[in-house]
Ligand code: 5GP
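Single chain ahead, by itself, as structure tokens, in the form predicted alone.
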């Protein structure tokens, strides 16, 4: 199944890429919910959090979190704080079924979020 994120990975459609490694790609969200809103995705297709296998995907998830920290520092939001979010399924508003982590910051967050 090819998603819009797969097409971004293949450079078939443009994106404002802010980070890339061998296994992870990060780009600015086209519908930002905060001054900084970046999506961090694996370069392999994993539909959602439900399909995560700890033994198989542990290093990849660690690399996604490491990317989030690097990007937050580069974007200047590391000190004041930021939010990391995974949406899983339709009730959580997951729109693209390719695992992705939202890095959101640059403003004061509210709680509860939803």
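It should be emphasised that the depicted structure is a prediction, and the values quoted were computed from it without experimental measurement. Positions refer to the first chain, counted from 1.
What comes next is about the form predicted together with this ligand, which does not appear here.
Asker: Give a yes or no for residue 18: in the predicted bound form, does one of its heavy atoms lie within 4.5 Å of a heavy atom belonging to this ligand?
Answerer: Contact with this ligand, no.
Asker: Determine whether any heavy atom of residue 95 comes within 4.5 Å of a heavy atom of this ligand in the predicted bound form, and answer yes or no.
Answerer: Answer yes; at least one heavy atom of residue 95 falls within 4.5 Å of this ligand in the predicted bound form.
Asker: Quick check on residue 48: any heavy atom within 4.5 Å of this ligand in the predicted bound form?
Answerer: Outside the cut-off, so no.
Asker: So in the predicted bound form, does residue 39 come within 4.5 Å of this ligand, heavy atom to heavy atom?
Answerer: Because a heavy atom of residue 39 falls inside 4.5 Å of this ligand in the predicted bound form, the answer is yes.
Asker: Quick one: from 57, 28, 83, 70, grab the residue that has a heavy atom within 4.5 Å of this ligand in the predicted bound form.
Answerer: Looking at the other structure, the residue within range turns out to be 28.
Asker: What residues of 40 to 65, in sequence order, lie within 4.5 Å of this ligand in the predicted bound form by heavy atom?
Answerer: None of them.
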